[in-house]
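Next up: just one chain, as structure tokens, the form predicted on its own.
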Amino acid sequence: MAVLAALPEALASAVHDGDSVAMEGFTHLIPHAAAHELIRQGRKDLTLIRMTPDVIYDQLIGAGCAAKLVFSWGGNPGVGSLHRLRDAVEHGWPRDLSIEEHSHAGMVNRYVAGASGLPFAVLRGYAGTDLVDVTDSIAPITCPFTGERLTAVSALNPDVAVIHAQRADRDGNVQLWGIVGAQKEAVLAADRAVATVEEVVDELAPVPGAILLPHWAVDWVCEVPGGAFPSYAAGYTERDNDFYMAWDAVSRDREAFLAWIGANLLGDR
């Protein structure tokens, strides 16, 4: 049964140093407010999992929260590189960061296997790449029925999944719609789940194509209006394209990044 809670209390209970944390959301519904709270709480040694690490993980990595990144694409959407990610990988600042790279299909299949209670998933992927040679969670496999050579990927079961959604009711059922990624799969694969939402309502009105995460799949629900900023929540907020453009300059320089973190997240404490 999901508990309605304030975001700081929910994340303090859900996420511990050294945990593996999947913060999913594709194009929109990216849980930035939750990431900012993890930075404020000073979480360390996290394994960050995400299909498309963008600004949200650039900030967490630059703040020193991450020891490892499991991902399938990384960049500032529509702008360019993630400079805090690059600095960590190339120069070990603010600390060394190990990486585990997959394809989008591989990541989704890993979540699905984890949610299904299976040890691995099988797909026709990674042909022609060298990822199988450098990634322990990818392995060739032969179909026992046809003899076809396929690829297996190990299941993903994060300690914690964190998502943002449009609405939840007071029982903790969570409703999201629009462009969605692997939120459902990540929540069902994780040991613990936190959902931030634009609003908590008495009743969830039907929305065409909406995904409903039942209260038994989510542990904490937090009402956080604007919790996806600078991404957006369809039907509630709009994407701040100027922020993504401005982030490129901020993230290129270590001192500028630290100043931004201090002024916007830590209150220069």
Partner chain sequence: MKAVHSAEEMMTVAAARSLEGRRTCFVGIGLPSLAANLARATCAPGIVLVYESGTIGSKPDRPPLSIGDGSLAATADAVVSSAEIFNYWLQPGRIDTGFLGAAQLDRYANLNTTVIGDYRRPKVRLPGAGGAPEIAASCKETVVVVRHTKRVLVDRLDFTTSVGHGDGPGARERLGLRGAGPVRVITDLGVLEPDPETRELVLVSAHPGTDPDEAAARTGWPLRIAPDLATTAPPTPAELGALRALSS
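The shown structure was predicted, so the numbers you read here are calculated from the model rather than taken from an experiment. Residue numbers count along the first chain shown, from 1.
Missing here is the form predicted together with its partner chain; even so, the following discussion is about that form.
The candidate spot formed by 154, 159 and 217 is out of contact with its partner chain in the predicted complex: none of the three has a heavy atom within 4.5 Å.
Only one of 118-126, 163-171, 139-147, 186-194 places residue heavy atoms within 4.5 angstroms of its partner chain in the predicted complex, namely 118-126. When its partner chain is considered in the predicted complex, residue 199 lies well away from it, no heavy atom lying within 4.5 Å.
Its partner chain is not drawn, but in the predicted complex it has a heavy atom within 4.5 Å of residue 239. Contact annotation: residue 47 falls outside 4.5 Å of its partner chain in the predicted complex, judged by heavy atom distances. By the criterion of a heavy atom within 4.5 Å, residue 51 is counted among the residues contacting its partner chain in the predicted complex. Taking its partner chain as positioned in the predicted complex, the residues of 57-83 that bring a heavy atom within 4.5 Å of it are, in sequence order, 71, 72, 73, 74, 75, 77, 78, 79.
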